[in-house]
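Only one chain is included here, represented as structure tokens and corresponding to the form predicted on its own.
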């Protein structure tokens, strides 16, 4: 299999989904090793660095890409199987930014309330223990947390010549900020434009469900993945398959609409997989689904609806491409 290693120069970063020319073309079946910058674009490096002074919101969530997938046409399904995600630095950073986050006033939830204190935390990596060292800023408390790498942003170009900031999650993927976008999963995205034009970034060394304060442990990441293409059968919203779960991500506001989107899409997926009437799929899903919150802080909120595969009859999902790619990845020794 062809393998491409790529680390973008700073001027090659992209800050939107759609509206950017591809960096280069990729054939289906290619292994890619991609380096991505942290969400703050390397602006916060010490606890003394404050987002209000250092972060330029025009240049946050830098994306590595977009990449043109040969043969991809609107209506196809882009398949991205994530083999590994490795911290590319020995530290990560998180911050509470003024008027941003789940527990503060925002531009949409406006109150006569002062912003929370602009604060930055640096998490140092202990590679021998595979942990992050959390040091409280306002007390002597410390604790080690396991590294659980994930990508906050994975997406394709929207249709109809639309251009969306890399801060937004929508049906094209984007800034979904779900911890489910981790090594070992396969992501299915509907292709909207010729070549798909996918990109990724916003590496997180770990993140709780919801990303409550607005930022995870943000860090530069080296991501290894396999790019594949399925002709036709494009999902309307992002789908994820792991060894154990089927998942759909819905993104909107208010949050219950994100949940509704993901529920409806899972009903449709059940109809495809098991030839169920939509009422039977609705009833079954009501008894077996879980719905973790991915983020409550982005321009749209994201909710994941997930179902354990061991509760369902064994069926071929996209011709078993997840299992096929898992087998290929296991032989690579990455």
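The model shown is predicted, which means the values in this text are computed figures rather than measured ones. Numbering follows the first chain given and starts at 1.
There is another form of this protein, the form predicted together with a further copy of the same chain, and it is not shown here; the text below is about that form.
Chemist: Looking at 131, 77, 252, 84, which is the one with a non-hydrogen atom within 4.5 Å of a further copy of the same chain in the model of the complex?
Modeler: If I apply the 4.5 Å criterion carefully, the residue I get is 252.
Chemist: Could you work out which of 125, 213, 185, 234 is the residue within 4.5 angstroms of a further copy of the same chain in the model of the complex, going by heavy atoms?
Modeler: Among 125, 213, 185, 234, a heavy atom within 4.5 Å of a further copy of the same chain in the model of the complex occurs only for 213.
Chemist: Residue-level contact is defined here as any heavy atom of the residue lying within 4.5 Å of a further copy of the same chain in the model of the complex; does residue 153 satisfy this criterion?
Modeler: No, residue 153 stays farther than 4.5 Å from a further copy of the same chain in the model of the complex.
Chemist: Going by a heavy atom distance of 4.5 Å, is residue 261 a contact of a further copy of the same chain in the model of the complex?
Modeler: Heavy-atom contact with a further copy of the same chain at 4.5 Å: present for residue 261.
Chemist: Taking the shortest heavy atom distance, is residue 89 within 4.5 Å of a further copy of the same chain in the model of the complex?
Modeler: Flag for residue 89 set to no.
Chemist: So in the model of the complex, is a further copy of the same chain close enough to residue 41 to count as touching (4.5 Å, heavy atoms)?
Modeler: The answer is no: residue 41 has no heavy atom within 4.5 Å of a further copy of the same chain.
Chemist: Give a yes or no on whether every one of 12, 34 and 242 sits within 4.5 angstroms of a further copy of the same chain in the model of the complex by heavy atom.
Modeler: No, because 12, 34 and 242 lack any heavy atom that approaches a further copy of the same chain to within 4.5 Å in the model of the complex.
Chemist: Choose one stretch from 61 to 69, 22 to 30, 47 to 55, 273 to 281: the one whose residues place a heavy atom within 4.5 angstroms of a further copy of the same chain in the model of the complex.
Modeler: Partner-contacting stretch among the options: 273 to 281.
Chemist: Select from 99 to 131 the residues with a non-hydrogen atom within 4.5 Å of a further copy of the same chain in the model of the complex and write them out in sequence order.
Modeler: Going through 99 to 131 in order - heavy atoms within 4.5 Å of a further copy of the same chain in the model of the complex - the hits are 99, 101, 102, 103, 104, 105, 107, 108, 109, 110, 111, 112, 113, 114, 115, 116, 117, 119, 121, 123.
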